[in-house]
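Below you'll find only one chain, the form predicted alone, shown as structure tokens.
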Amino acid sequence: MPRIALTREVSESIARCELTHLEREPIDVGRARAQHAAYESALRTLGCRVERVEPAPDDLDSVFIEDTAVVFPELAIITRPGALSRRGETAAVAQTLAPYRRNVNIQSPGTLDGGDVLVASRTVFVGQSARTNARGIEQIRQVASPLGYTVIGIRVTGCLHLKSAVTEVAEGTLLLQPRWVDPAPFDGFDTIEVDSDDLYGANALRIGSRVIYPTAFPKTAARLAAHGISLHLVEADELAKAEGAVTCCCLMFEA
């Protein structure tokens, strides 16, 4: 089955994006768009069919499409983002997903950002963060548990989303920033800790046997390579100023 990656263009007004843990600094929109285009090219190189959802110029964070849905083989959960300014992003994504999956919506008062959801085989780790609350976690549990998934809520501190702190880089292997999340819930997995110099280095995008990873964290990249992880390096530092990372910029699933 083809692997599809939904993406969305960088808003002209991304410099006014939501920020939680970073100080605001100027964002070069042209450079951000060039990096995003190179990222889409990397997705294609690694076998994805890239489909762009219609632009949303008034939704400043819309390039971070991962937060709008969680796609399982059985269905798609349309999120209710924790930031009020982002809730308008979900409608077009839900419409795009409808031909591929049955959609289920997170309901108020629950909030859920896709960046807080890490699916590793049949285990679904969900971060309780500034953007995802306990009601959102319970709703994803109610949907996913009957399908045979184990849903585990995890407290996230010091970073925006769970996937800022942990991502899957190979089957059964996780890349981890222990400053932001307790490693204990991941005891059943092999873990690789980020280098102490790479504070934001735990976000990586696995596509089959390859991993898209930012050039900004060479020490952690070396650790991953030493563990036999095959990397496809991309520049992502401009979007990182908006608290974005490589998982954030696509919504990936098999058709």
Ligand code: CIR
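These numbers were taken from a predicted model, which means no experiment stands behind them. We number the residues from 1 along the sequence you see.
We do not show the form predicted together with ligand CIR, though everything after this point is about it.
Novice: So which of 69-77, 181-189, 160-168, 101-109 is the stretch with heavy atoms within 4.5 Å of ligand CIR in the predicted bound form?
Specialist: The contacting stretch is 160-168.
Novice: Mark Leu6 yes when one of its heavy atoms lies within 4.5 Å of a heavy atom of ligand CIR in the predicted bound form, and no otherwise.
Specialist: So Leu6 does not count as contacting ligand CIR.
Novice: Can you tell me if Gly115 lies within 4.5 angstroms of ligand CIR in the predicted bound form, counting non-hydrogen atoms only?
Specialist: Because a heavy atom of Gly115 falls inside 4.5 Å of ligand CIR in the predicted bound form, the answer is yes.
Novice: Indicate whether Cys17 is a 4.5 Å heavy atom neighbour of ligand CIR in the predicted bound form.
Specialist: Yes, contact at 4.5 Å.
Novice: Hey, in the predicted bound form, is Leu251 touching ligand CIR, heavy atoms inside 4.5 Å?
Specialist: Outside the cut-off, so no.
Novice: Using a 4.5 Å heavy atom cutoff, which residues in 225-255 contact ligand CIR in the predicted bound form? It's fine if the answer is none.
Specialist: Stretch hits, in order: Ala242, Glu243, Gly244, Cys248.
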